[in-house]
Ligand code: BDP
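What follows is one chain in structure tokens, specifically the form predicted on its own.
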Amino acid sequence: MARKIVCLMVATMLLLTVFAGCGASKPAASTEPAKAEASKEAAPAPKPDGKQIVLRLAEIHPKGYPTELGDEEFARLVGEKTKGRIKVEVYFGAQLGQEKAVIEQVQFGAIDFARISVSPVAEFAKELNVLQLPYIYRDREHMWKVLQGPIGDDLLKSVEKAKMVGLNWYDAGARSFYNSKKEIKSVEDLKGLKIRVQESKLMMGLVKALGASPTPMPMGDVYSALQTGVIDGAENNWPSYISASHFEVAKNYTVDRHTMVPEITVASKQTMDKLSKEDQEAIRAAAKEAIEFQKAKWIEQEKKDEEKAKAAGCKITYLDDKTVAEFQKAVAPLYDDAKDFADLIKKIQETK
């Protein structure tokens, strides 16, 4: 009897040990698949050759804007020319910040490329101010002969002193005045109006020369400033007037075409220095090839937006040659302020 009891107790202990072991192994078995799945989700996307470099390009304008389309074409060409070794990601709509902040980030390598207006870059490379002088070009064709020739190449190199590499120029059309107060038919009509300008000494001087009051502010603040009366007007091209919805709050657009300021694409010198010479050349070539694509998109968009402004009930005023001559006379003193670059100005004006 005692022997039976002992055997029963041993059997019971063995069963308990087996059940306990099974219970302990269950969590371990259930966590392994979870760990494997988590590892799978965290794994980066496969790269073409395991060495793909991803670079960021900052763009202030919205997706579909002519310069943003130029950026996308540049990115496509870089990928094509490097066989996928380099991928350029375009961050449109000022996702990476306004132009002044973007320039600073490009300078110390936090952003790899940026498509920006010449105006803020000219604060670092003074000779670029010449491209912003009012009425310096006879027309668009004249401007492109300058930009795509030796003069344009030298000006691209001028940004290197600011730790940036100039890659190309993009079309930004002609800038004209618009406001919420009245139709502008003469220089006299501009007097006393508060006009938003880019953060540029030259652009402030231009507006002052025409008798208006310049108010520097970021592009992103202009709509609300027009809406609330902080400013009376601004100056920009057709696509910007429409894409930023300024036509909703400033219905008077005067086609005076006072400046034809190109856009510039720059790269961080730090970024470029880290790349092979082969990849640097591929990037430069892609930037040059993207120009014609962007120019065509610009002209196409400009025509559409001018018609859109008319359809929206905006008052469009086209100045005759006599009135344009009055504008030219009023801003002529700005050329005296640029006398340090008299030779460059002469070369531009004599370009055929």
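Note that this is a predicted model, so its numbers are computed, not measured. We number the residues from 1 along the sequence you see.
FYI, the form predicted in complex with the named molecule isn't displayed, but the following is about it.
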Give a yes or no on whether each residue among I116, M219 and S240 has a heavy atom within 4.5 Å of the named molecule in the predicted bound form. yes
Look at the stretches 108 to 116, 148 to 156, 270 to 278, 81 to 89 and give the one with heavy atoms within 4.5 Å of the named molecule in the predicted bound form. 108 to 116
Can you tell me whether H61 touches the named molecule? I mean in the predicted bound form, with a 4.5 angstroms heavy atom cut-off. yes
Does any part of Q198 reach within 4.5 Å of the named molecule in the predicted bound form? Heavy atoms only, please. yes
So in the predicted bound form, does any heavy atom of R175 sit within 4.5 Å of the named molecule? yes
Proximity of E263 to the named molecule in the predicted bound form, heavy atoms at 4.5 Å: yes
Quick one: from T259, N168, T254, N236, grab the residue that has a heavy atom within 4.5 Å of the named molecule in the predicted bound form. N236
